[in-house]
Each structure stands twice: as structure tokens, then as C-alpha cells.
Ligand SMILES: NC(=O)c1ccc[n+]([C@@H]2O[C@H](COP(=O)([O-])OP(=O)(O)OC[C@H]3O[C@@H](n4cnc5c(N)ncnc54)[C@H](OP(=O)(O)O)[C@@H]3O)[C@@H](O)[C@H]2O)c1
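Have a look below at one chain only, the form predicted on its own, in C-alpha cells format.
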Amino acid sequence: MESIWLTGASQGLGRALALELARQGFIVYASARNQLALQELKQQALGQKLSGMIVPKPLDIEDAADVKTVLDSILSEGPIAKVILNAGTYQPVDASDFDCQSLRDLFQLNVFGTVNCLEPAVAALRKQGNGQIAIVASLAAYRGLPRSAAYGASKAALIHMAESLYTELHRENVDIKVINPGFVKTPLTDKNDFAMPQRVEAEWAAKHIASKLSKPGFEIRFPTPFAQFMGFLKWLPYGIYFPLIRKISNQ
């Protein structure tokens, strides 16, 4: 069986994706800080008698040494086919609450935590001469949105990073993908106090991602209507974009 290393697997989209990939026959090395949640995930997979399996690999992605130790232990079992870097968090930041520490904390997890995983993963797949790395960003990174100065900026950094890596690593048979979801029903989005258009269930999102990983293309984005709308906003000039987004968001 091919193996996959998945971060952020303890809840929400990551948990659903771990189960879906195990259902498809992969060995899923599931990482997150919550060891108990990972053990429960493993037992859930066993209870469903999936064709693959889930192997808990607890870690804190903000600890670079911890990340390297875990990836080395995974690679000691054999080559790894895919790395899916999903771990991250969401925190809305109003302009009235805007401060350096809020951005620093979010970037530390969403960006530098991901980089802690990318560094050894890129080295390992280059050494293998094949493999895939998928980075979970967000449609919120397409344009500056209200209350998203921290979260959107962190995810935009991931998209930019993925684009740069893609241009270089495709020559070495290492595929880079970016996954840009819209609103997915998770414990993180449950705390939102605003309308979330076309929000999808985590299980639906997981099936969609899993179906696209082996297909050509750099970006996996969904749901389609909302992704197309956000893509349209991305190309609008500021003179049209700002009045439109103020009207939509009642700002």
C-alpha cells in the first residue's frame, strides 16, 4: 500500500480526509497535537474495516525537531507517496483588534508550521525522485476580505510558496498542489457569526480532494460556484472591487 503523511488530522477536514484516504486503501500517517483524538481516529478506521489504515503520528508542527523526527520514522517504513499539509487555524481579526501579536501567532502556525513540514518533506521527495506535496490554503487568500487581514494573509503566503516550489520541483518529478477550500463545516468555522455561502460538509470536501489529488493541475478549489465567484473577484480592479466587497459585507 502507498503511504500518505497528513497533518492536522485530529478534527474537521483533516480527520475526514484521513478516513477517506484510508478508505481508498492508503496507509495514512496521521499527525496532530491531540494524541487522544488520533487514537480515536485509528479506532474509527478499524471499526469501519477500511481497506487502508491510519497510523497515529502525534506532533506539534511548530516544533521543527519534532517534525523531522516524525517524518524520519515514517520514511524508515518505506517511501512516501504523498504529503498533505493541512494543519492550521483560523482566527478572524477586526481592524479594531489589529495587532502584531495576532498576526505573529497565526503566521507561526499556518506559515512557519507548514514550512517546518515542507523543509524535510521536500528533501525526502527530491531524494526519492518522486512524490506529491499538497498544501491546504484557502479561497480567502484570493483577495483582502473583511476580518481576514491575518488569516487571509497567512494563506496567501502558502499559495505564493506553493507556486514558487511548483516551478522548480516539477523538473524533479515532485508534484506540488495547492488546495483552496471555501467554507467547510468544521469546529473552526462553527464559531463564525456571519453567513457562509455554499458551506460544505467535511466529508464531502474530503471526497472531492481525494478524487483530485491524482489528477493533473496545480490547484484544487471548491465548491465550484463559490470558487468561480472568488476567482472573478481576484481579477477586479480596486476601483470596482472595494465598493463591491463593502456592499456584499455591509462594511
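For every residue, the number given is its place in the sequence shown, counted from 1. Predicted, not measured: the structure shown is a model, and the values here were computed from it.
What comes next is about the form predicted together with the ligand, which is not displayed.
Q: Scan V70, L41, V184, L213 and let me know which has any heavy atom within 4.5 Å of the ligand in the model of the complex.
A: In short, V184.
Q: Could you tell me which one of I27, L50, L59, A206 places a heavy atom within 4.5 Å of the ligand in the model of the complex?
A: After the contact test, the surviving option is L59.
Q: Within 4.5 Å, heavy atoms only: does G131 come near the ligand in the model of the complex?
A: No, no contact at 4.5 Å.
Q: Just checking whether N34 would be counted as a contact of the ligand in the model of the complex - the rule being heavy atoms within 4.5 angstroms.
A: Flag for N34 set to yes.
Q: Spell out, yes or no, whether the shortest heavy atom distance between L109 and the ligand in the model of the complex is within 4.5 Å.
A: Heavy-atom contact with the ligand at 4.5 Å: present for L109.
Q: Whether S148 contacts the ligand in the model of the complex should be assessed with a 4.5 Å heavy atom distance threshold; does it?
A: So S148 does not count as contacting the ligand.
Q: For the spot marked by A81, V122 and L169, is every residue within 4.5 Å of the ligand in the model of the complex through some heavy atom?
A: Checking in the model of the complex: none of A81, V122 and L169 is within 4.5 Å of the ligand.
Q: From the candidate stretches 71-79, 149-157, 169-177, 95-103, select the single one in contact with the ligand in the model of the complex, where contact means a heavy atom within 4.5 Å.
A: Stretch with heavy atoms near the partner: 149-157.
Q: Using a 4.5 Å cut-off on heavy atoms, which residues of 113-142 contact the ligand in the model of the complex?
A: The stretch 113-142, when checked against the ligand in the model of the complex, contributes V136, A137, S138 at the 4.5 Å heavy-atom cut-off.
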